[in-house]
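Only one chain is given next, in structure tokens, and it is the form predicted alone.
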């Protein structure tokens, strides 16, 4: 009888342990929908209301399929399992953070894009992209409001012996009043990206359209160009020489924009900002050329020190931002020091985001609310 009691107690203990383990497993909501960035007609990948992502990849002869997006798994990715129909399926081990994410597939050691999704230039290559719906996505949503234009231009660059590309956002009112002229923000992308990033991944045009429609900002032009003039491999950014790009921007692009668009062509109505590497470029060029720009913005792109700026009378605004998982204390302390030195400086920290586009979308919105206001 004693032996029976011991066995019974052990079974109850194991049963309780099993039940306890089961109750701690996350309950994944079965409300998956195709990602908003999927190719037309493609059902996968899918995202649910909690931010989990579900994949299905057709690779019947593969031995291994891993998605770079996700938590856990191999090197932070999501390993997929082969199904009976020959496809590979899987769900991220946890919910993804809000906003846009790059990802790719590793199939038997080779790197490929997901044929189900649209491609975005990042990580020095065209990557698959996915959007995790954000609680505050309304400010960059496509709405029934007047829309501006994003046009591609090719401008001559004697310093690089070629024609270079830029994209120019003009607000909805542009061209309706031939006498109206606009301030300009020169907005730079990050490392591994190009001049398409701020429109495609960042929704800069939609952010502007919505703010203008709400009457929260005065319309201005945004110019986005490629920020590299020499080939730098991953990990070698310390070898990047800013001088050639500074020549392209200041001596070639800006004169072209002022000659071909209705701009207010002076320092007081010209801003420069950038994310990550683009912030590094902004920091260096604004310090080198204080006569060109009067509004400065670093988005996860470093800090300004008061002693770096020789004449604070030329600076209208210094805006510094980052995600809350980056360097919020550094950003806030930098702005405190700048304010103490007499600068109009503003910090912004995006809550619960990292070095990613949700941080920079929010940052651009906050920056736009401040630009070109006396």
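Residue numbers count along the first chain shown, from 1. Here the structure is a predicted model, which means the values were calculated and not measured.
Absent from the display: the form predicted in complex with a further copy of the same chain. The rest refers to it.
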Exercise for review: Could you tell me which one of 287, 154, 213, 83 places a heavy atom within 4.5 Å of a further copy of the same chain in the predicted complex?
Suggested key: 154
Review point. Quick one: of 149, 267, 160, 93, which gets a non-hydrogen atom within 4.5 angstroms of a further copy of the same chain in the predicted complex?
Key: 149
Exercise for review: May I ask you to check whether residue 49 falls inside a 4.5 Å heavy atom distance of a further copy of the same chain in the predicted complex?
Suggested key: no
Review point. Does any heavy atom of residue 310 come within 4.5 Å of a heavy atom of a further copy of the same chain in the predicted complex?
Key: no
Point to revise | 4.5 Å heavy atom contact, residue 107 to a further copy of the same chain in the predicted complex | key: yes
Practice item. Would you check, heavy atoms only and a 4.5 Å threshold, whether residue 89 touches a further copy of the same chain in the predicted complex? Key: no
**Study point:** Region of this chain that lies against a further copy of the same chain in the predicted complex, out of 269-277, 300-308, 107-115, 216-224 [heavy atom, 4.5 Å]
**Key:** 107-115
Review point. With the partner absent here, would 55, 191 and 255 each sit within 4.5 Å of a further copy of the same chain in the predicted complex, counting heavy atoms only?
Key: no
Point to revise | a further copy of the same chain in the predicted complex - contacting residues of 195-209, heavy atom within 4.5 Å | key: 205, 206
